[in-house]
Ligand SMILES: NC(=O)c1ccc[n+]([C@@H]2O[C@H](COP(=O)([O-])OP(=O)(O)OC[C@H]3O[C@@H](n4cnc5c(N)ncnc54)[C@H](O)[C@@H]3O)[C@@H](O)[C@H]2O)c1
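Take a look at this one chain, the form predicted alone, written out in structure tokens.
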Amino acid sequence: MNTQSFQINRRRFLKATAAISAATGVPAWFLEQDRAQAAAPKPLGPNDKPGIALVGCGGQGRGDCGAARRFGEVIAVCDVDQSHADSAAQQFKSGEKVPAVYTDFRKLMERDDVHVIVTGTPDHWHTLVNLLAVKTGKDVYSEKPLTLCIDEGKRLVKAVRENQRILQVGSQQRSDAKFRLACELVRNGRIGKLQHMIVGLPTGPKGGPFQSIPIPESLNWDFYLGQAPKMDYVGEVEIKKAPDGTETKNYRAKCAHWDFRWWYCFSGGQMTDWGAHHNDIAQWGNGTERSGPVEIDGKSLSEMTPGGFTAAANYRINMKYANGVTMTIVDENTGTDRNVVGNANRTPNGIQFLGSDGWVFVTRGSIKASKPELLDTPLPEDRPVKLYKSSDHMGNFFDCVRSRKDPVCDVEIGHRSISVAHLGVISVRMNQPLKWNPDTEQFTGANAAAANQWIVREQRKPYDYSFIA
């Protein structure tokens, strides 16, 4: 290449980089460093097209499976709602080939031509599906939150390691350059000594009271409930009157599909939903992604509606880490006296890192700092901490399926991140300050005996661990 051509290509690159920087909000120096260290992706071999199966065919599961489809062939789908499974099969057909439809994931796991499981079920089913997948030799892309309780995470980490499987948790913010940049700035001392973190989460709903409504014919409600305690299928009833006086009833379920996450028996509300994402980034920035806090003090700040959703909607949780860093987890309508971004009485959705020399705030689509130079000044190439780089979360998973290396959000990181949320939920429900040993994963000190009972959830038979034996 002659000098003139090189200069033209260089100008084009700089112009393109500037455009990408403006569009993404990530400084140009960070993009250029990424480009310089980027490795060429491993090419797919002629037989390197894994068979993919989707378990849990709701909107998020189908979205994940659509991303996975770029790297393999969807050959099976499974859902306890027959209508969801049938619809997914049509969505993922290839030509005349339609994925096989299952309503019991255990049958699907018997197939040797299924290499990858995409788990998109409600939260309380993640662990049993993922455990059986790794035990039958499949790699897993699992939606977050990874587990329903801390004990499930400990079991899953052990099973993934023993069976030498790859498991990527769907905490896709780790594959977003803005979040990695924020964590690298913090980890490399750009804001001085990290002192405090604020995790702002959306406020949960307080709907209800609800009433029993008919179960759709396509839905196996008992299977959907799984390990959760028996409960009625509930929702809202809308009555419409025709001009002739006849009435028709329309039913809107409030206990299944999208709304499962507001029920404690299935999930933990926004604390484990959005909290699974933002706590993961807080842990990454603090360098504690394989550990956790040592003190937790949570409070619910409003009463839930009797007969309605049961996961806390408004809350404030204060935590402390062994390195002295403190953290506040709060819903966006509560506010926090240490908030430095936006309205002091309303906490923005995202993660704020406060240090001795400034602050950085990051959320989806935006990164801000107390001074422009905190973002604009490049970190040195030989900086002490360079975090795991992924720019395609699903692509990173399939790269690791081939290489057998750990993905950017492996099973232990996912377990530790959601454990932070579980600890918050436990403290809020107990209304007690608690001490936690992240090495033994047990509560210690006052209230430990009572708190340790919350590490495990009682599983309704037959949907306990014997269900996948």
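The structure displayed is predicted, hence computed values, not measured ones. Just count from 1 along the sequence shown to find any residue number.
The next section is about a form of this same protein that is not shown, the form predicted in complex with the ligand.
> Any chance all of Arg316, Arg416 and Trp436 sit within 4.5 Å of the ligand in the predicted complex, going by non-hydrogen atoms?
Not a single residue of the candidate spot has a heavy atom within 4.5 Å of the ligand in the predicted complex.
> With the ligand left out here, work out from 229 to 237, 187 to 195, 246 to 254, 120 to 128 which stretch has heavy atoms within 4.5 Å of it in the predicted complex.
Of the stretches listed, the one contacting the partner is 120 to 128.
> Select from the listed residues Glu295, Asp176, Glu332, Glu143 the one whose heavy atoms reach within 4.5 Å of the ligand in the predicted complex.
It is Glu143 that has a heavy atom within 4.5 Å of the partner.
> Exactly one residue in Val408, Ala53, Cys57, Val425 has a non-hydrogen atom within 4.5 Å of the ligand in the predicted complex; which is it?
It is Cys57.
> At 4.5 Å between heavy atoms, is Phe105 in contact with the ligand in the predicted complex?
Taking the distances in the predicted complex, the answer for Phe105 is yes, it comes within 4.5 Å of the ligand.
> Can you tell me if Gly170 lies within 4.5 angstroms of the ligand in the predicted complex, counting non-hydrogen atoms only?
Yes - in the predicted complex, heavy atoms of Gly170 and the ligand come within 4.5 Å of each other.
> Tell me, yes or no, whether Ala88 is in contact with the ligand in the predicted complex, where a contact means a heavy atom of each within 4.5 Å.
Because no heavy atom of Ala88 falls inside 4.5 Å of the ligand in the predicted complex, the answer is no.
> For Cys78, is any heavy atom within 4.5 Å of the ligand in the predicted complex, or not?
Cys78 belongs to the contact set for the ligand.
> Going by heavy atoms, what in 231 to 250 lies within 4.5 angstroms of the ligand in the predicted complex?
Nothing in the stretch sits within 4.5 Å of the partner.
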